[in-house]
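What follows is one chain in structure tokens, specifically the form predicted on its own.
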Amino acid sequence: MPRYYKLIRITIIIWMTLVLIGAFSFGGFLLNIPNVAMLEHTARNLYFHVPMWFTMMALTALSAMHALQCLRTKNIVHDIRSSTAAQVAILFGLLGLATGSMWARFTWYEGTNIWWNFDPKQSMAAIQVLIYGAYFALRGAIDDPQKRARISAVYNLFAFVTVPFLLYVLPRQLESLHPGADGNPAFSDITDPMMRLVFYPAVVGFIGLGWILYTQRVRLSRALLKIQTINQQR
């Protein structure tokens, strides 16, 4: 393992530890959050739910970049990097959906058994995850590695084009319970600036965590590819 990689990984771990300390500070200790109407202490989910979507978007961008490089160079390593970034992106997308559903359950639908009501932002986020799920269904249907790399790279690029529209542009144009949607104030307008001291580091930390998972998966996939190549040459 490269020395710089170990240093970056340790830095991210320490960074996320500090984020967690800030996120769960209570009783006026350190960065206790203000009393936000309706949200109360569930407002702390801002430090997890939103950064997960930022991380997914960063990873889909990375995946699309390697998909483009794969089409340009026909190097299978770029296909590995592209598919791996998409895998980790889906993981964070699923975590974003789960944390969002729980947040809605204990704020918008408190006192009910509702976990999901097809709010536009919820629905479009779910569609986004399904689009990338279809990417892996497509990959699984093609046996030839080079053909799979080319076709899935093209699909990946089209999938990435939908990300800003489904996760940001369209939801803001429709009526939604989410902050920042049509007629609703942005989250920054209803929360205290103190929360930004944890929120922005949390975004950086979660993207760093996504990078760790991505690089580890890439190293594993490349090692398996090397073993497969050696076995085929025997």
Partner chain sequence: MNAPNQSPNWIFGAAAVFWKDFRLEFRNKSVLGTLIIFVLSTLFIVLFAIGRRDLSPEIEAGLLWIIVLFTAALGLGRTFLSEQERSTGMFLRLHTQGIMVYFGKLLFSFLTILCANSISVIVYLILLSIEVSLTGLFVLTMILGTLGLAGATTLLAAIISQTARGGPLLPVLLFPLLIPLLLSAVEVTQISITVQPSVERAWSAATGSLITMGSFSGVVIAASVLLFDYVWEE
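Residue numbers count along the first chain shown, from 1. Nothing here was measured: the structure is a model prediction, and the numbers come from that model.
If you look for the form predicted together with the partner chain, you will not find it shown, but the lines that follow are about it.
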Fill in the blank from the handout: The listed residue (Val50, Ala61, Leu166, Val204) that reaches within 4.5 Å of the partner chain in the predicted complex by any heavy atom is Leu166
Fill in the blank from the handout: Heavy atom within 4.5 Å of the partner chain in the predicted complex, from candidates Leu95, Leu157, Met102, Val77, belongs to Leu157
Practice task
Could you confirm whether Val161 comes within 4.5 Å of the partner chain in the predicted complex, counting heavy atoms only?
Solution key: yes
Problem - Residue contact check: Ile114 to the partner chain in the predicted complex, 4.5 Å heavy atom - result: no
Handout entry: Close approach of Leu71 to the partner chain in the predicted complex, 4.5 Å, heavy atom
Key = yes
Practice task
Although the partner chain is absent from this view, report whether Leu91 comes within 4.5 Å of it in the predicted complex, heavy atoms only.
Solution key: no
Problem - Ile127, Leu130 and Leu138 each touching the partner chain in the predicted complex (heavy atom, 4.5 Å) - result: yes
Exercise for the section: Any residue of 84 to 99 with a heavy atom within 4.5 Å of the partner chain in the predicted complex counts; write them all down in order. Expected result: none
